[in-house]
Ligand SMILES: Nc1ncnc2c1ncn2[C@@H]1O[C@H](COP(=O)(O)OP(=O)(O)OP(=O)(O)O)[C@@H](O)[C@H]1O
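Okay, so here's just one chain, in structure tokens, the form predicted alone.
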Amino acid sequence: MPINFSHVFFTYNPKSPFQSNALKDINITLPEHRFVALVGRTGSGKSTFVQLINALLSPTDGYVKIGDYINHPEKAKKAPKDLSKEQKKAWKAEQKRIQQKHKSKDIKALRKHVGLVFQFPEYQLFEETVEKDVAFGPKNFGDSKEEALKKAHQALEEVGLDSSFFTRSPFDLSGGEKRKVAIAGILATSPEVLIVDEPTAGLDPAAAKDAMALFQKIEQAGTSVFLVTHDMDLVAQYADEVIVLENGQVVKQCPPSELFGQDLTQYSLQNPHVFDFALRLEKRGLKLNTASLRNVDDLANAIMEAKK
């Protein structure tokens, strides 16, 4: 599902003392069927950016096209005050034409195709059993109870929760298990795009590794995955492409290897540990090929190759 931002602006609390310009003239096309990381300092606009993709927010100006769906401002612009009566009439006609041009399919249906996993999705659990919680999404989009439960069971097994979990209360599970249930609730709707916001926050290393392996498996099966994170090690290990936001604007869109290995302090980012170590080795005279550097094993291979 192709995604295109066209002259997108977003302002919180417009025309008030608390007005904040979160996004400023974003023009970007997001790749399909890729694992894309979205990074930037706190307040750079990452969460606003992804909430526009599944229409939790609508742009203040511009539009976001997601497949056949278009997320545009909820209200047409007001005509400038200095226009004549005839000019205002022409202005309103043009605004109506633009609104019709950007008229989308039911925006609710968009959320069946674009799933958003929040930073702590387990806080969204509410049903009395795990299977009912996961089946809620498919039922909400029109599936019968039987079909919704079938999809729920498949999604739960996909995230590593077998039938012994189906009738348990989600509130009796561990933190990692609750998060798997919440993720299964998104996967049960078979989204074409999956957005995950800081998915490893609060997880122990083993649970974090399992979560990322699951997202990688989902991407390899054909779903576009967008990862919002501050963890540059995750970006290096899993992402095919990285987008850097700074002050509400896209300042970089490139493969991770082109971003890492340079001074990232201007974006309040750090190089992944493997890149940082590679840079230290290069300062000592060992020239390494970092183009395919993702993890410790890649670093070890690069060192051996350089030694030859």
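Remember, predicted model here, so these are calculated numbers, not experimental data. Numbers for residues come from their place in the sequence shown, where the first is 1.
Quick note: we don't show the form predicted together with the named molecule, though the next part is all about it.
Between the options Pro31, Pro255, Gly43, Gly67, which residue brings a heavy atom to within 4.5 Å of the named molecule in the model of the complex?
In short, Gly43.
Just to be sure I understand the contacts: of Gln154, Asn140, Gln119, Gln124, which is the one whose heavy atoms reach within 4.5 angstroms of the named molecule in the model of the complex?
The residue from Gln154, Asn140, Gln119, Gln124 that makes the contact is Gln119.
Report the stretch among 59 to 67, 236 to 244, 267 to 275, 43 to 51 that approaches the named molecule in the model of the complex to within 4.5 Å, counting heavy atoms only.
That would be stretch 43 to 51.
Taking the shortest heavy atom distance, is Asn13 within 4.5 Å of the named molecule in the model of the complex?
Asn13 belongs to the contact set for the named molecule.
Although the named molecule is absent from this view, report whether Ala22 comes within 4.5 Å of it in the model of the complex, heavy atoms only.
Residue-level check for Ala22: yes, a contact with the named molecule.
His230: heavy atom within 4.5 Å of the named molecule in the model of the complex?
Yes, His230 lies within 4.5 Å of the named molecule in the model of the complex.
Although the partner isn't part of this model, could you tell me whether Glu192 comes within 4.5 Å of the named molecule in the model of the complex, counting any heavy atom of the residue?
Output for Glu192 is no: heavy atoms all beyond 4.5 Å of the named molecule.
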